[in-house]
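The chain below stands alone and is given in structure tokens; this is the form predicted alone.
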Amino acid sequence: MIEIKTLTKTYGGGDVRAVDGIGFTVETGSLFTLLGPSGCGKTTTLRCVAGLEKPDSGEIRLFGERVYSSKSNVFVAPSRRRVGMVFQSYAIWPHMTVFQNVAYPLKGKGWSRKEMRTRALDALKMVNLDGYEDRPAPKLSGGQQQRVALARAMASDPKVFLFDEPLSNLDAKLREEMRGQIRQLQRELGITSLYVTHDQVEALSISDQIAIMDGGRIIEVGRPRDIYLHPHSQFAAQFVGLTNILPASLKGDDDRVGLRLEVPFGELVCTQAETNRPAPDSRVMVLIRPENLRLSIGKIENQPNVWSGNVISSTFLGEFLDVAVSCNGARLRARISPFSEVPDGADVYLHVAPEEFSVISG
């Protein structure tokens, strides 16, 4: 378990608050991702956990042991924290073989040469690089070098894995392959992991929990499914995927029907809202994912949340057709079947189910 309490890290004599009093818990055996734009503080947080940065204040515990505490003046050296770290740049030593790269960090830990060799070879086997141990590290592909870095982190038997944007230097296909391998290994080994990325798809696909960061603070924490389908903030909705965001006013709140909302092109009924439900007549924001919008040339009968519009443009993107629709001046994006054909300028109807969009305070 990783426990972070009121962690703060500043630079420039305190002028820049890279990490601003954040706190979170990573449960034992889970993978927790810090997700956010460049400069939001996610890598600084990771480096504080590793011991590569010393925070200004707060507390860090790894499996109950305090490795940093400003109050108690505790700072445990990185070499004693039992963390395995995988970097964005691989950090592969070019003058060494694959085996030497994996085995090198094991020196000085009191293990025999035989035990070090066994640990290194076992780690290479886990990442499907057995048989590559004598190959010069620069002769490997980018994906293979990242697997060497992963094996090196595993070989020392860490209690915690730390991943700092480990896939950002790989092409799209390799990223997809590697994130699947990382997730599979993490689950098989049951190692508590803290993962940093700015890639939303990566975070959604491998995480047990996601913390969205911005400006050194945590904006929202939740399961990937909840973060995507029912975000509690406009920042989270905009950062994770594409979202139609509409200003609205609350006209009623009925336990049986749901929230009744007024939007620029008509009325909506919603059965999903944040825990603290907005007060009547308050200003709110409606969040609708493009894939939850149904588009039809013919009128949709006997359904709530149906309104007419005019197609501005449609773009074929392989997996779906991305359609921009104007509804009384409001521009909406819908993602529909790639087999559909919707001409520009066509009159259409849009529909969203009451349970398939969210409402947050405006």
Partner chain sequence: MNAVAKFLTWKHVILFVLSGVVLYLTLVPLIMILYGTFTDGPPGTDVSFTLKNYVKAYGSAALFHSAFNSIVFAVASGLISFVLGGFLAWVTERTNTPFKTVIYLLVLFPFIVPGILTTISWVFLLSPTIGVLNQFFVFLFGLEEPPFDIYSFAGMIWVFGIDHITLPFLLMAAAFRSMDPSLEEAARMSTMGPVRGFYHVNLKIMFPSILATWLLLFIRGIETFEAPAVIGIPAGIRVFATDIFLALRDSPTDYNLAGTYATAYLFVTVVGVLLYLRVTGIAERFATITGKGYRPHTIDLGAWRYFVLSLVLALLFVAVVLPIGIVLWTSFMPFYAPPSLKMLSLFTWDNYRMIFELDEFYRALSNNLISGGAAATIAVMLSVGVAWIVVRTDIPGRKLLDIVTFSPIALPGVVMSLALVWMYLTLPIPVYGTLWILVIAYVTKFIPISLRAVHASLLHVHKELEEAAELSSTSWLRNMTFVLLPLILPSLLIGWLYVLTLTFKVLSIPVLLSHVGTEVLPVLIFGLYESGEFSQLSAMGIVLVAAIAGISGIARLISNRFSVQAAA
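Numbering follows the first chain given and starts at 1. Not measured: the values here are computed from a predicted model.
Beyond what is shown, the protein has a form predicted together with its partner chain; the following relates to that form.
Residue Ser79 is the only one of Thr118, Gln184, Ser79, Gln234 with a heavy atom lying within 4.5 Å of its partner chain in the predicted bound form. Scanning Gln238, Ser282, Ser89, Asn128 against its partner chain in the predicted bound form with a 4.5 Å heavy atom cut-off leaves one residue, Ser89. Among heavy atoms of Met213, none comes within 4.5 Å of its partner chain in the predicted bound form. In the predicted bound form, Arg152 approaches its partner chain with a heavy atom inside 4.5 Å.
The shortest heavy atom separation between His95 and its partner chain in the predicted bound form is within 4.5 Å. Put simply, Lys109 is close to its partner chain in the predicted bound form: some heavy atom of it is within 4.5 Å. Exactly one of the stretches 324 to 332, 45 to 53, 24 to 32, 300 to 308 approaches its partner chain in the predicted bound form with heavy atoms within 4.5 Å, and it is 45 to 53.
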